[in-house]
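Starting off, we have a lone chain in the form predicted on its own, written out as structure tokens.
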């Protein structure tokens, strides 16, 4: 009787653990970015700041992922000796072809988010929502929910807490919690169209 209960409990725990660890890998499609970009090299060796590449337009809207012209000003010829840089120049700069970057932060169509209001007026640092991207030596894999089409960074709660980022995030709960900490309560229509 006790042996059966132990076997059942062991089997149940094994099944739960297997599902808990395997489900996120099954749910999200993982893809690599087209270029192995190093924020760290650009920040430390080139002295680049976030706003040098990720800038605001004259009307205050956010330009988002930089276009090739931001890169080709410095990278018409190789500045380093890495295979990644040579590959980038050969595949994108020389043929003047835009890399098809996968956006970790693309918000759903029904969400209005103003970067300039948060960065300039609210003094929110990039790292608060995007984490320490500026200190990374390579871009992390992009994970997409095939049902919604959105990045794991902005869609839903983490399924398994193992190996996830601890800093801020771009999920609705992260935004609501930050606003509450700042004493800023708005209606749903403040952010949703």
Ligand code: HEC
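Numbering follows the first chain given and starts at 1. Computed from a prediction, not measured in an experiment: that's the story for all the values here.
Heads up, the form predicted together with this ligand isn't pictured, but that's what we're talking about next.
Within this chain, residue 94 is remote from the site of this ligand in the predicted bound form, having no heavy atom within 4.5 Å.
This ligand in the predicted bound form is approached by residue 46, whose closest heavy atom lies within 4.5 angstroms of it. With a 4.5 Å cutoff on heavy atoms, residue 192 counts as touching this ligand in the predicted bound form.
Interface residue remark: residue 82 is counted as part of the site for this ligand in the predicted bound form, having a heavy atom within 4.5 Å. Contacts between stretch 34-58 and this ligand, counted in the predicted bound form as any heavy atom lying within 4.5 Å, involve 35, 36, 37, 38, 39, 41, 42, 45, 46, 48, 49, 50, 53, 54, listed in sequence order.
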